[in-house]
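Let's start with one chain on its own, the form predicted alone, as structure tokens.
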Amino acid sequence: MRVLHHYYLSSGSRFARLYLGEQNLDFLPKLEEYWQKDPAFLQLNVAGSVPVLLEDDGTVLCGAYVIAEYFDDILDEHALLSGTPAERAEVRRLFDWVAGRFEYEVVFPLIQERIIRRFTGVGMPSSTVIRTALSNLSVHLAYFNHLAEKRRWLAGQSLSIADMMLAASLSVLDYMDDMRWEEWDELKTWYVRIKSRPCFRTLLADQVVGVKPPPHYADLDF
């Protein structure tokens, strides 16, 4: 069976779990504390990042977008990167926004300061970095809320990998209790819709040692 190397609070890893679940693709999860730079893991992905999916035939897929595009290429149905060339371009644009700019301006700095520093014991969390990331968060959420107000799904009328990438990232922030949902009504409505899908259930059961999610985290009607 295929094996997914992942970390609980990695947006890309959560995306891969959502994507595989939505496509009803079975996999064995293998937790990777990727910052430890385990030699066996680095043989799979020299970049040392998650997610990494190892297929039965030995094919190694590194990265959230690579995993999604690989299966969208080989699956006959339920493509999550579909539509006209212009529609697919919009999906890719938003996926790139979330996996790129949003990740590096918001999600990763918060994980680095709050989680990785705690586990590695390297340095003290920077309050300046955390404040900057949270300030950036508000800017991004305003845009995502605008999209949710205008569209049923993030990129248009159909569920896509852009929705799953954003939901994965927001679920990380929600786990750390950084989401003020009462300020973003349209985005909350969108999130409830995707959070209620069966593929989301395993994410809601995640438990990170030493980091407890807020009570509403696993609540489908919050």
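Heads up: residue numbers just count along the shown sequence, starting at 1. All values reported here derive from a predicted model rather than from experimental measurement.
There is another form of this protein, the form predicted in complex with another copy of the chain, and it is not shown here; the text below is about that form.
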Candidate from 61, 159, 187, 179 lying within 4.5 Å of another copy of the chain in the model of the complex - any heavy atom | 61
Output flag, 46, 100 and 104 jointly within 4.5 Å of another copy of the chain in the model of the complex, heavy atom basis | yes
Using a 4.5 Å heavy atom cut-off, state whether residue 89 contacts another copy of the chain in the model of the complex.
-> yes
Using the partner position in the model of the complex, report whether residue 149 sits within 4.5 Å of another copy of the chain, counting heavy atoms only.
-> no
Any non-hydrogen atom of residue 93 within 4.5 angstroms of another copy of the chain in the model of the complex | yes
So, in the model of the complex, is residue 192 in contact with another copy of the chain at a 4.5 angstroms heavy atom limit?
-> no
Which one of these stretches, 150-158, 23-31, 169-177, 63-71, sits within 4.5 Å of another copy of the chain in the model of the complex when only heavy atoms are counted?
-> 63-71
